[in-house]
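Have a look below at one chain only, the form predicted on its own, in structure tokens format.
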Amino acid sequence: MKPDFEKYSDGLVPTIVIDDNTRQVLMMAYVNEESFNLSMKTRQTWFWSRSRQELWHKGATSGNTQAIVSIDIDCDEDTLLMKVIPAGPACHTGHTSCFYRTILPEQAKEE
């Protein structure tokens, strides 16, 4: 089983990445067929960078790789959930998760 890469015109499938131990959402990125196949083969996360228009091996430059424990697919076969063991922060800002800022409730403050 694999995602339906033809569902979206750009061939990209949204992928949520969570820490397998804590279940914290770490990041959201996109995979194309090539990055999906590389992720399956290497058991490391590979994505497609929309801004750079290139393959992206998470942690290739930072060392903050993500070892894949499992990959789940949703019922429509157009979104993935990757459970990983991270070797460092997921966010390029140095935060554990890319989701470190709260919009609601309004009283919440940015860390």
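The first residue of the sequence shown is number 1, and the count goes up from there. Treat the numbers as computed from the prediction; the structure is a model and nothing was measured.
Although it is not shown, the form predicted in complex with another copy of the chain is what the next lines describe.
Novice: Another copy of the chain is absent from this chain, but in the predicted bound form, do 28, 40 and 77 each have a non-hydrogen atom within 4.5 Å of it?
Specialist: Yes, because 28, 40 and 77 each have a heavy atom that approaches another copy of the chain to within 4.5 Å in the predicted bound form.
Novice: Hey, in the predicted bound form, is residue 87 touching another copy of the chain, heavy atoms inside 4.5 Å?
Specialist: Residue 87: no contact with another copy of the chain in the predicted bound form.
Novice: Does another copy of the chain get within 4.5 angstroms of any non-hydrogen atom of residue 54 in the predicted bound form?
Specialist: No, residue 54 sits far enough from another copy of the chain in the predicted bound form that none of its heavy atoms falls within 4.5 Å.
Novice: Is there any non-hydrogen atom of residue 61 lying within 4.5 Å of another copy of the chain in the predicted bound form?
Specialist: Flag for residue 61 set to no.
Novice: How about residue 36 - does it come within 4.5 Å of another copy of the chain in the predicted bound form, if we only consider non-hydrogen atoms?
Specialist: Although another copy of the chain is absent here, residue 36 would touch it in the predicted bound form, with heavy atoms inside 4.5 Å.
Novice: Would you give me the residues of 55-73 that have any heavy atom within 4.5 Å of another copy of the chain in the predicted bound form, in order from first to last?
Specialist: Residues within 4.5 Å: 68, 69, 70, 71, 72, 73.
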